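The data below hold one chain only, encoded as structure tokens and taken in the form predicted on its own.
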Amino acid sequence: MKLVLATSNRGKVKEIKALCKDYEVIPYSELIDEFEIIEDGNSFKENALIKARAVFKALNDENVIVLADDSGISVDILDAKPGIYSARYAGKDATDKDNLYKLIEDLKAKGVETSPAHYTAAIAIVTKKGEYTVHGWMYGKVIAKAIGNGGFGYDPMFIPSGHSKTLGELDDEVKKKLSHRSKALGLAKLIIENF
């Protein structure tokens, strides 16, 4: 069964491919031209469904399973920001580094070096048989500096509960076990296995 990812984010594609080795995993941009998908939902779940539905419709192929992830980080001291705006926190065309450093600046502006935080991943699955969503979470804290070169996004400033290193420093195998996305994908695989 072909799993088509409704993303062209290289970090997400790499992570999902590693977690779904039993399937042929293809970013939709390898099958059709990339197009803009307006993520105007009010939650990670809504945005994941918007992306999955748009790609499923554009592919016009009933024999694929489209999987979309919407994920982000929510920081307690910032009233759960950036939340669903994590990918564009520093602006519409912001890079991962731009977003990371804006979040560090915002922590410093609050006069703190750390805050409880959590990652959320919502995964939407759209097939000819219906639509499904699952969630995964990872709890910990953010720090007001970047440490480590691993991962992507906010990983260099996030320390998962029970650990003393950031996701930017931790080994990939350790991160896989902790990851909000791997938890959500584990649930998604239970659904996909029934097709």
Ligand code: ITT
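A quick note: this is a predicted structure, and the numbers were derived from the prediction, not measured. Residues carry their position along the shown sequence, with the first being 1.
Although not depicted, the form predicted together with the ligand is the subject of the following passage.
Consider A188 of the chain shown here, and say whether it contacts the ligand in the model of the complex, taking contact as heavy atoms within 4.5 Å.
Looking in the model of the complex, residue contacts with the ligand do not include A188, since no heavy atom lies within 4.5 Å.
Given that the ligand is not shown alongside this chain, does E39 nevertheless sit within 4.5 Å of it in the model of the complex, heavy atom to heavy atom?
It does: once the ligand is placed as it appears in the model of the complex, E39 has a heavy atom within 4.5 Å of it.
So in the model of the complex, does Y132 come within 4.5 Å of the ligand, heavy atom to heavy atom?
Answer no; every heavy atom of Y132 is more than 4.5 Å from the ligand in the model of the complex.
Answer for D106 alone: is it within 4.5 Å of the ligand in the model of the complex, judged on heavy atom distances?
No - in the model of the complex, heavy atoms of D106 and the ligand never come within 4.5 Å of each other.
When the ligand is placed as it is in the model of the complex, which of 53 to 61, 154 to 162, 124 to 132, 140 to 148 ends up with heavy atoms within 4.5 Å of it?
In short, 154 to 162.
Need the contact residues for 41 to 78: heavy atom within 4.5 Å of the ligand in the model of the complex, sequence order, or none if there are none.
If the 4.5 Å heavy-atom criterion is applied to the ligand in the model of the complex, 41 to 78 yields K51, D69, D70, S71, G72.
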